[in-house]
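This document opens with one chain alone, in structure tokens, the form predicted on its own.
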Amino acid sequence: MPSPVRILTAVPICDGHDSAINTINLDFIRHGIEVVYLGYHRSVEDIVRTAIQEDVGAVGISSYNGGHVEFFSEVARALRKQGADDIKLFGGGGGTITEADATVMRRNGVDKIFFAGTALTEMADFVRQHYGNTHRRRRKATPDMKLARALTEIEDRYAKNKRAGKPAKKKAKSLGKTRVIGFTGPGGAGKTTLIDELVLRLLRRAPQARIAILSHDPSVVGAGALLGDRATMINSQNDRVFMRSMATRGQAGGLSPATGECLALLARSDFDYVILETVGTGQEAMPFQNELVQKRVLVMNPDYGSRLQLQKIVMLDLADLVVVNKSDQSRARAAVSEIEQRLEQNKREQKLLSTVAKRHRDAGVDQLCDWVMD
């Protein structure tokens, strides 16, 4: 797929109205736009950090709680202060933003305000026409800006079928302090929440550590993608965490055509941990063919079906660690027993853990962190 227009959407802090933005996101996707969705109740700092790391062309904010003049203006100021004023700002708020408010907001750096009654197609056309090629060279680029732009350039090369040749590969044993962990599993197993809880523990246990997350979501065939993993990332909104969302852009298997080279770049950068998360996968083999991934984690939920289904899940043969998440469900004990028997048939060292990622201070997630840091 060619490189689509890429934007960030979010709802401000103290605002939980997400019905409108979810509807708009879906229409943007149908018009070939990649949407990084940050979710609701998000601060200025979260929005600006995400916009820079994701290297988006624009930020779209949906505000229904009032305070829009101040909030939009502060986002624009923060982008300018960071030297990222090439990232444009637009948004709307139904009937809460007046024409007079919009005039003030435009003076403060807001590019466009959409009012109630604007057709979704009109919004999508505006975004495609104005935010496709907004990037310019920044005079004072921060390390995150440089890394984000380098990742964009890699994706663009693959989109144009102009690969830079085989990237310089480093074997796992030569990565120094960097530890690369791959997470995969079926959709709905709770991979993103589990990773977010793992990141919280890594940040607490290693106060100087820096973490990178490379997360994937599927592209709609012939259209864009909803990159929504950040919406459930709470603990990972931290200046010591660099997160990048990628779309599969037509490739099957849970990863993007550019994943290998992007992962190699992150592994060569100044991170202590690099976490790779795939799209929700089915019964096929592990997507981690790149030698940079040192540890492979398969996340499952207890409702996978019968024991026969376990025999067909090839990923169980290749994972270093299998996590049964949502283990507070009624079938969890039986699932752990069945998976344990399945792993014994492989006759290799594989670890099995039970977690409830949504639970505060879950002991299973603590054990996962021990394993990652070991």
Partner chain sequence: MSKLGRVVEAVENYNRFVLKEVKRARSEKKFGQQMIDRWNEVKAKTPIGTAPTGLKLPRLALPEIDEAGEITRYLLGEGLPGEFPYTNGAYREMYLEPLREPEVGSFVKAGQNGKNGHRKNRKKAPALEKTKQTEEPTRLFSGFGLAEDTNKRFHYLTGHQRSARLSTAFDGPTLYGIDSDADGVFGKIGEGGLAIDTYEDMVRLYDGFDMGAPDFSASMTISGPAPIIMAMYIAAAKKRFGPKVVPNLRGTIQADIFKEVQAQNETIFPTEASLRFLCDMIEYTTREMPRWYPVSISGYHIGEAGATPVQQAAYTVSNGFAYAEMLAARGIPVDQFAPRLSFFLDCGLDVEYIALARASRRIWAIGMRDVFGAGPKGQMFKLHTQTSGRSLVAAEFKNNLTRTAAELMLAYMNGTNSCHSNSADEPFTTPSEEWIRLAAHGQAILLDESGIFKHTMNMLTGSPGMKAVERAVEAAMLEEFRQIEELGGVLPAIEHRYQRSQIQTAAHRYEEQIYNGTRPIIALNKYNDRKDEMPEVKMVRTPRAKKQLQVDRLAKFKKRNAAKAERALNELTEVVESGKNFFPMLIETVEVCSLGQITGRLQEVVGRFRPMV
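Residue numbers count along the first chain shown, from 1. Keep in mind it's a predicted model, so treat the numbers as computed, not measured.
What follows is about the form predicted together with its partner chain, which we do not show.
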- [ ] Only one of 233, 84, 279, 199 comes within 4.5 Å of its partner chain in the predicted complex by heavy atoms, so just point that one out.
- [x] 233
Task: Which of 259-267, 246-254, 94-102, 142-150 lines the interface with its partner chain in the predicted complex (heavy atom within 4.5 Å) - done: 94-102
TODO: Give a yes or no for residue 18: in the predicted complex, does one of its heavy atoms lie within 4.5 Å of a heavy atom belonging to its partner chain?
DONE: yes
Task: its partner chain contact at residue 352 in the predicted complex, heavy atom, 4.5 Å - done: no
TODO: Evaluate residue 70 for contact with its partner chain in the predicted complex, applying a 4.5 angstroms cut-off between non-hydrogen atoms, and reply yes or no.
DONE: yes
Task: Heavy atom of residue 129 within 4.5 Å of its partner chain in the predicted complex - done: no
Open item on the list: Heavy atom within 4.5 Å of its partner chain in the predicted complex: which residues of 38-62 meet that condition, in order?
Closed with: 40, 41
